[in-house]
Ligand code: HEC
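Next comes just one chain, in structure tokens: the form predicted on its own.
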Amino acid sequence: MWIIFRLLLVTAALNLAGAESVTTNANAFAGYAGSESCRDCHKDDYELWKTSHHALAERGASPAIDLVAFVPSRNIKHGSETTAVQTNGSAFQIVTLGMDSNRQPFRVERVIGNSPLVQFLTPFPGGRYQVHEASYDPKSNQWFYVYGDDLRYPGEYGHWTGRGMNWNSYCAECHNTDLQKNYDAATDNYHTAMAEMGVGCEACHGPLKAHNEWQAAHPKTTLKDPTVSKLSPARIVGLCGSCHSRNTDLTGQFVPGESYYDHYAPEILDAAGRWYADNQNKDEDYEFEAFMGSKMYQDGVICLDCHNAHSYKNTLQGNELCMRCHNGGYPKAPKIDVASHQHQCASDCKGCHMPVTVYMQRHPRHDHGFTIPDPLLTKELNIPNACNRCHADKSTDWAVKYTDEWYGTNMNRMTRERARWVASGASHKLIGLLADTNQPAYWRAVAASFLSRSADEPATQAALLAELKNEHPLVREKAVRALEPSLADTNVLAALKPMLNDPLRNVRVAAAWVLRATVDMQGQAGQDLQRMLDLEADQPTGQFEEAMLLLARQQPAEALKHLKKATAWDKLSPPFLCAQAQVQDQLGQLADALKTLDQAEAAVPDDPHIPYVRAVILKRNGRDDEARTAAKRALEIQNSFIPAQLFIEKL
């Protein structure tokens, strides 16, 4: 009711809503002093920071810096399209296709990134900033298409004018200090603001106005400043992870020093395939999750053990950084003799244990899982190995031969077996991994995620229920989510209800989602869930999740409104379109449902789920012959599509 009332107020008084957002921002930033206020007392740290990637994460377009990218003007070809970059007076422009498919100039107002690539922002109506596909490599002075050969067109979610390239939703939080997205769902507008552009001192240290005032009032004192406190190692890693991870933001209000898990639900290695089975990065997975699964993290290594806190560069270069611990002086780090360990390999430690993947065409990133190169896993599971990444002209068997000769039985280690268990999905092995207290919490959470496939089996169910009391919130969260298929079991339901009161929000939100059909939306967990959904309301995925919540609560008409918004914002998503069609049919709107599926098949003709959903809907309406034809169409697209096979057998 409060949400509806608020939307009515905003719709009736848009100008007042805008004024209210400014006041809110002013209050939110009242404790901030800005990075410049740190310079005089912390000169050395400030000098390191001011030229760092964090300091330059976002800025206004600048002739002093950006002129070289736009002068002389030039064209960038991608497919059949050509984008031009140019100046118009003092303004920088990118000439490309806009929302209406007309080629036109767009003014560049802001810049994100510094090296190895720079992206440019154009203001759009409704307080939006959109990120251009045409990007710039300052080292080579070249423009390039950030999607490579993946051509995207106006009207598509992923086109630079679409919501998939919206700065307010996807970039702004981690490129600025204390970002307030301030999305207004009633008007589909943003009033986004930040305490400081770029990642400033207070992005990591928190608001410092009180610190500055206390220091000014107590010059040359030996007293302890009560306005600042030292972060624990876990809090430091969580602080870095807030931006260097794939995650769901639960609050939009993370403050340095608070628990990562009270504000984020991280994505981890699971059936979605964003990581390889040994936890090497596959998609654009940043660093945090791979690091959490590493032996380094398990043994207490944190980000600042390798990276300077202000320049963010490595504290030592080459193998010296690794050998600082692996020289026998650190009890948890095995002593390494570099010469005998690397044999004839010319690479350094990072080359073998932190292999590089290039993202966004120009951004090489080191994997932070510190994995062991294992060509045998390449042969068995198609997991890349560092040997063949460098020696691309050699076969996998060549790499297996040398690793076996050099390291022998040392290659038969837990990391190899663990990857095999994850890849196979063998529930009895994953149950053992879940219960293994010698394993990092991350891997136990991974096991829980994969065990959702067999959650109805008594042994799996018992193992997952036991981990609801795990001391680590990531394991608890994934165990809660994995138990969703077993909700019909009264013992499972009874065990999940107390998780609504877990001390950490990531677990409470997971429990509220799993119990969404009955959760009290006015209780703490229900409010946490709604807060997360409201934060995602500017994206089609957020609208889809809101629809799923409403469907679970027997409100299909309200759910349909959100599904229509999701499909309007992302016209090429089969799950959104199929869900919309099914709800339309549920509401007695068969003609509309079939029209939605027509739209889906026209957009994505090679997805078997779409004709399968058509078959289900037609069967439900007594049109068996048409249903059989639709199911056969699904099998024509994918002859191993089991749901369609079973459907035809039952007709």
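From 1 onward, residues are counted along the sequence shown. In this text the structure is predicted, and so the values were computed from the model without any measurement.
One more form of this protein, predicted together with the named molecule, exists but is not displayed; see below.
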Practice problem: Spot the stretch among 473-481, 72-80, 212-220, 488-496 with residues whose non-hydrogen atoms come within 4.5 Å of the named molecule in the model of the complex. | Solution: 212-220
Quiz item: Looking in the model of the complex, any heavy atom of A57 within 4.5 Å of the named molecule?
Solution: yes
Exercise. Give a yes or no for V604: in the model of the complex, does one of its heavy atoms lie within 4.5 Å of a heavy atom belonging to the named molecule?
Key: no
Quiz prompt | Partner contact for D299 in the model of the complex: the named molecule, 4.5 angstroms, heavy atom | solution = yes
Quiz item: Does at least one non-hydrogen atom of K619 fall within 4.5 angstroms of the named molecule in the model of the complex?
Solution: no
Quiz prompt | the named molecule: the contacting residue among R274, R365, K181, K429 in the model of the complex [heavy atom, 4.5 Å] | solution = R365
Quiz item: Which listed residue (A547, L500, M194, A386) meets the criterion of a heavy atom within 4.5 Å of the named molecule in the model of the complex?
Solution: A386
Quiz item: Looking in the model of the complex, is the named molecule within 4.5 Å of a heavy atom from each of V228, H341 and R413?
Solution: yes
Quiz item: Is any part of 333-347 within 4.5 angstroms of the named molecule in the model of the complex by a non-hydrogen atom, and which residues would that be?
Solution: A333, P334, I336, V338, H341, Q342, Q344, C345, A346, S347
